[in-house]
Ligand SMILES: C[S@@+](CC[C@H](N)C(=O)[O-])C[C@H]1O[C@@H](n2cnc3c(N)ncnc32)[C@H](O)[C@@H]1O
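In the form predicted on its own, a lone chain appears below as structure tokens.
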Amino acid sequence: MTEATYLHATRTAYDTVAADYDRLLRDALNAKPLDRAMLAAFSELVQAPGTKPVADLGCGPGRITAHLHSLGVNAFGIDLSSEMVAVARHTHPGLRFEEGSMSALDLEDETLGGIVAWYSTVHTPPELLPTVFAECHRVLVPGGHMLLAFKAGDERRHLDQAYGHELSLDVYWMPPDHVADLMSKAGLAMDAQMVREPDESEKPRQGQQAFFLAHKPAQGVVTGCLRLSETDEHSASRST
């Protein structure tokens, strides 16, 4: 079967930049307290006794997988890029990393207690996001949690260069309400939404960043949605 064009472009781009991506972003979380807070909340939710493993989908060089592990999560990484997987295995030899596509996961139904997709859907054409979210729903156990991070907006940008290399890659900014609707239609119940302003390392090109925490409900269970926004008038604090 011929591989989808966007998958080929994504794999090729990240194979090219893997070593420099790791070097440049390895410590990026240190300056992002709100991002760490969402990861901490997710980590607490997926550590109940008997919880199944957590997959970091689109794990890249393994920095989020390693952060989850440091919080006590039984996490492993999956990435489309063989070079990213090689870097992750070298940098974090005690952790498990595999090659794979989040649009067709090589996992049995209901085998994961949690999923993190940390900016790993930003290269997926919007019309294919339902497939990705359906896969996430399929592999999560009832009650399993998903944390999604993505770029908030409504545009497609084409990159010809990134991380010091020439490449060809599309990046999608997605409206949070639309993403929430797609996740709901896939059967994922929203628990929290955070949209923050770009920090100093992201200005001026990156714009707002969105973080969704959802879960796969048990059959017949309906839950509400708590919205958290850095710009909400009821926010207790702000971070730049």
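Predicted model, so just to flag it, every value in this text is computed and none were measured. Numbering starts at 1 and runs along the sequence shown.
Only in words, not in the display: the form predicted in complex with the ligand, which the text now covers.
Chemist: Counting any non-hydrogen atom inside 4.5 Å, which residue from Leu129, Val87, Val73, Met102 sits next to the ligand in the model of the complex?
Modeler: By the 4.5 Å criterion, the partner-contacting residue is Met102.
Chemist: Consider the chain as shown here, without its partner, and state which of Ala210, Met183, Met38, Ile64 has a heavy atom within 4.5 Å of the ligand in the model of the complex.
Modeler: Result of the distance check: Ile64.
Chemist: Can you pick the stretch from 153 to 161, 87 to 95, 111 to 119, 136 to 144 whose heavy atoms fall within 4.5 Å of the ligand in the model of the complex?
Modeler: Stretch 111 to 119 is the one.
Chemist: Should Cys59 be counted as a contact of the ligand in the model of the complex, where contact means heavy atoms within 4.5 Å?
Modeler: Answer yes; at least one heavy atom of Cys59 falls within 4.5 Å of the ligand in the model of the complex.
Chemist: Is Ala4 one of the residues lying within 4.5 Å of the ligand in the model of the complex, judged by heavy atom distances?
Modeler: No, Ala4 sits far enough from the ligand in the model of the complex that none of its heavy atoms falls within 4.5 Å.
Chemist: Considering only heavy atoms, tell me if Thr10 and the ligand come within 4.5 Å of each other in the model of the complex.
Modeler: So Thr10 counts as contacting the ligand.
Chemist: Heavy atom within 4.5 Å of the ligand in the model of the complex: which residues of 9 to 36 meet that condition, in order?
Modeler: Thr10, Tyr14, Tyr21, in sequence order.
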